[in-house]
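The data below hold one chain only, encoded as structure tokens and taken in the form predicted on its own.
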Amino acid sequence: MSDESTEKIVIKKPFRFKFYFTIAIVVFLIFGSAYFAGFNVYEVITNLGQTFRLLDKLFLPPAWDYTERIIGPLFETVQMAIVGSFLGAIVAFPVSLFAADNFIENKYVNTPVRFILNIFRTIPALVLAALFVAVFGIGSFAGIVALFIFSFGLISKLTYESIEAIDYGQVEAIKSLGANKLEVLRYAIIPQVLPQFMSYTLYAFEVNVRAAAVLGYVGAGGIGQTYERNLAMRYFDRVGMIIIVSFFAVLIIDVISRNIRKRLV
């Protein structure tokens, strides 16, 4: 056997230019954003002592006797999230049908609806709450309206994307039997989308519980008002108790909601 036939073939690894270039861009964006945003690691380290002193005031110990006065505002916060989330979901489903281009096959309908939904999603719930407090006055009603609009924008987008991702073979099969739009919706679209829609509604509820907890800062009711009042008065032990109670309430809601969503999807 000749020497040529026994030579090893060495394949050179290609230079991964795109990979290294992408990494460099990401690193540049991170450090560049940190620089222009004024983030300073040195300040974080030098202020650790002050951070620990604040934690000591909050939690060592918290005001356990203040717990009873937190329950009422906490329930109001959860109620705001429930009403806002599920009203938003009720309105979101029919609007999602007009945004889905495989149900309403008309770009002159889909495009304006999607544009309006984008507007709703770009406005934070806290900003909406501040606007509605100016309109309706201080109280939970302004917070409910803000969460309703926020939930509507979020659920609508997720739902119309799910409608566009359905198995269209079922739609074509029903159409071939002479079904109209409403029959296609009932027998082909809703059975496929309903589990995801319910999951999105529960997800919006989880998000709204957290959002509703801070809406009180602008006077929109809930536990946020209690938090803001105690923080302004420097009652840090009460603030710590509010944080503890809110944490466990959100944790319980997340666990329950996650288990329900697992059964739905």
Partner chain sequence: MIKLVNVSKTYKNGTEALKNINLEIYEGEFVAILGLSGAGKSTLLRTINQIIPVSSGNILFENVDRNTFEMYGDNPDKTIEYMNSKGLEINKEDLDLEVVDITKLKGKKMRKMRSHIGMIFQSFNIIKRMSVIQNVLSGRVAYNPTWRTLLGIFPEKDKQIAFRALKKVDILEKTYGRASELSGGQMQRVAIARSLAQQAKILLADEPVASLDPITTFEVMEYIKKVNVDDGITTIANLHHVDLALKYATRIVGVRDGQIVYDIEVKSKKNNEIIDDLEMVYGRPISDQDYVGEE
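The model shown is predicted, which means the values in this text are computed figures rather than measured ones. Positions refer to the first chain, counted from 1.
The following text describes the form predicted together with its partner chain, which does not appear among the structures shown.
Between the options Ile174, Leu117, Ala130, Leu97, the residue in contact with its partner chain in the predicted complex by a heavy atom within 4.5 angstroms is Ile174.
Among Val91, Ala179, Ile82, Ala134, the residue placing a heavy atom within 4.5 Å of its partner chain in the predicted complex is Ala179.
With the partner left out here, its partner chain still marks one of 153-161, 185-193, 138-146, 69-77 in the predicted complex; by a 4.5 Å heavy atom cut-off that stretch is 185-193.
Its partner chain is not drawn, but in the predicted complex it has no heavy atom within 4.5 Å of Asn102.
Within this chain, Thr111 is remote from the site of its partner chain in the predicted complex, having no heavy atom within 4.5 Å.
Residues are counted as partner-facing when one of their heavy atoms sits within 4.5 Å of its partner chain in the predicted complex; in 140-168 only Asp167 qualifies.
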